[in-house]
Ligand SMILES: NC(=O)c1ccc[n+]([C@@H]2O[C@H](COP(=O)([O-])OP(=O)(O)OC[C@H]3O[C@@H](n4cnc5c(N)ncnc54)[C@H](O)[C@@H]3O)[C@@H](O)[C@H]2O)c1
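In structure tokens, the next block holds one chain alone, the form predicted on its own.
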Amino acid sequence: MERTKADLEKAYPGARIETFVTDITSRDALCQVRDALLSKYGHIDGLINNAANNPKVEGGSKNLGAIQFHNFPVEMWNEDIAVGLTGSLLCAQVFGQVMAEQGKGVIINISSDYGIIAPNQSIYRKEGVPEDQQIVKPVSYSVVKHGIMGLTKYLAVYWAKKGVRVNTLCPASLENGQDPAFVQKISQLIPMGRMSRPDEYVGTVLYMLSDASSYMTGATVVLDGGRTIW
């Protein structure tokens, strides 16, 4: 976090950047962050709910492995739900209420193309590997990403007259050092024929946070190279 902060301060001279390490499944921990920000700045204008136990192909995450649906551990399910859904709920409660009280604010909930479609498990398969050892995208990931969209719609209506806009962003297929065979398989499912780059989301996030999108709430913005329209 300190390294990231230093990089950002170098890239944006004069910017005021704060970092916190906290537990988003704890309301008390989030309230401490809220109070620290309010005491220093007096307002909170935006929230991006992006935390998740994300089962990344390139990262060896514990919830992306040879775990078939029928034996997916309920403990892992509970952990994924706690971070991805309960964490987003608590952040919205703690920081969103500040925005509602001040009459202005924006919340962006990060979902995924898997919040719209089901995982295509074939892209994770490897030839010559026994069925019980094949990698499977976990059920909890789909449920969290679909649930995030439901949370967005609920909050968009709930705070519509309080000046708080709430929208969903669905990124997809971010290239980040995955195996070339995986990149090729997933690229074949995307009309644009390639995975996305990190820089391709920045402009959309800025638009969604800014007054340029002042009449947009409860919406789902999909950046997937066309994958979900096939």
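None of these values were measured; they are calculated from a predicted model. Numbering starts at 1 and runs along the sequence shown.
The same protein also has a form predicted in complex with the ligand, omitted here; what follows describes it.
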- Note on the structure: In this chain shown alone, the residue from M149, I117, V83, A100 with a heavy atom within 4.5 Å of the ligand in the predicted complex is V83
- Task: Would you kindly say which of E9, D23, D211, E18 lies with a heavy atom within 4.5 Å of the ligand in the predicted complex?
- Result: D23
- Testing 150-158, 70-78, 123-131, 105-113 against the ligand in the predicted complex with a 4.5 Å heavy atom criterion leaves exactly one stretch, namely 105-113
- Message: I'd like to know if V33 sits close to the ligand in the predicted complex, meaning any non-hydrogen atom pair within 4.5 angstroms.
- Response: no
- Item | N167, heavy atom within 4.5 angstroms of the ligand in the predicted complex | no
- Task: Answer with yes or no whether Y141 is in contact with the ligand in the predicted complex, where contact means some heavy atom within 4.5 Å.
- Result: yes
- Query: Counting only non-hydrogen atoms and a 4.5 angstroms cut-off, does L174 reach the ligand in the predicted complex?
  - Reply: yes
